[in-house]
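In structure tokens, one chain follows: the form predicted alone.
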Amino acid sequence: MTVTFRPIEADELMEFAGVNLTAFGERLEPWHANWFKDRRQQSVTMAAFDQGQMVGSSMFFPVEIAIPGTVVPAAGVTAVGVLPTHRRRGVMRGMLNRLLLEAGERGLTLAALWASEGGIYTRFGFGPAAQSLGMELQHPRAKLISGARAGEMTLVSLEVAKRQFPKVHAELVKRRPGMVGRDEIAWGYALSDDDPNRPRDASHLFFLSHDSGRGCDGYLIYRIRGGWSPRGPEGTLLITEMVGTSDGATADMWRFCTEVDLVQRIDASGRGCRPVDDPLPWLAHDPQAVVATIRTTLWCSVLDTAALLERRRYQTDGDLTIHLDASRDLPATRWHLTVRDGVASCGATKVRPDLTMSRSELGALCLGRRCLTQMVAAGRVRAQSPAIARRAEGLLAWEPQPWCFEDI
């Protein structure tokens, strides 16, 4: 087998989409076709061919991703798939190596994706940079503590949601590492009822706006899945997105969810997943009524180490030397990071490293996730001493912790 790689031509787009959907065991629906058409103009594609037949797909399009203290342009990697007949033959490696090289040559310092199987991507420098909680709350134990309402909530039309919600989302992008900015195309799909993967037994989308007195500062998008038994109603409220830029807005929206009639269960998963510091467990009278499942919702690969470490901000000062092992056909490198007044400088060095890791571990740390000492304990990162590991974690971590619910 001789596989060749190249970007696709305009008339190959639907074949490209078909290969990707086949790799995921899905059929090409009109919704998918429209998505590929909408994203094609912005995207860089890389496909694999075996004797002229397209057997693999991959692409990235430009996105803005929040890193600690700022927002950077990044490569949103997506549509990565290989036909079942061509697995385990180096097809994905050939596509992604070329795709990430192209992203780096375009001056992008970061690549990000939402992985269906995360272990595949560590060899390309991707690490689990943001974790979120899938949450479930079940009646009758789903009672929340009482509290004064922080604002007014209103069910709004799709047209109002299109005007109000993007501003709230953009404000959260400024505050929370891991958040992915949305353009007009992304908002069109986020507010659409046409997604073929939506629950078929659930209602259309409902849109709730929260206003604390100075305009919309939170929104909730949800569906209702009806259900009945001899005991009465057993519906489920499915949270599609909940975004609040104040603690009060988030608490109000959780209370709203528990007070919707005919609902016995609240499910926040998929795009509805919650940040690891969500207040729900402390809002519940019985914290054991909240079932939380942790999941990785954003994988990052650092394409330019010095540039990214200098672009992000820090909440403490210090010095750190990091050795990156050779990987993905890249040589080993060593970097000295100096942070003063929260601003960093970073350059190549030959001094003894404080930390030694792969590029995947750097990807996991780049958004400020507090996990360095855990990685040392697991043997994923080598530190000169436990004290150095704790100091390094204090330097690299950021509050609030990263969160992402965007399926790039």
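Being a predicted model, the structure only gives us computed values, none of them experimental. In case it trips you up, residue 1 is the first one in the sequence shown, and so on.
This protein has a second form, the form predicted in complex with a small molecule, left out of what is shown; the following refers to that one.
Participant: Please name which of the stretches 264-272, 97-105, 113-121, 150-158 has residues with heavy atoms lying within 4.5 Å of the small molecule in the predicted bound form.
Facilitator: Going by heavy atoms within 4.5 Å, the stretch is 113-121.
Participant: The small molecule isn't shown here, but in the predicted bound form which of L395, A389, A23, A17 has a heavy atom within 4.5 Å of it?
Facilitator: When the small molecule is considered in the predicted bound form, the option within 4.5 Å is A23.
Participant: Could you check which residue among R163, R87, H323, R313 gets a heavy atom within 4.5 Å of the small molecule in the predicted bound form?
Facilitator: The residue from R163, R87, H323, R313 that makes the contact is R87.
Participant: With heavy atoms only and a cut-off of 4.5 Å, decide whether V91 touches the small molecule in the predicted bound form.
Facilitator: Yes - in the predicted bound form, heavy atoms of V91 and the small molecule come within 4.5 Å of each other.
Participant: Examine R328 and determine whether its closest non-hydrogen atom to the small molecule in the predicted bound form is within 4.5 angstroms.
Facilitator: Yes, R328 lies within 4.5 Å of the small molecule in the predicted bound form.
Participant: At the 4.5 Å heavy atom threshold, is G81 in contact with the small molecule in the predicted bound form?
Facilitator: Contact with the small molecule, yes.
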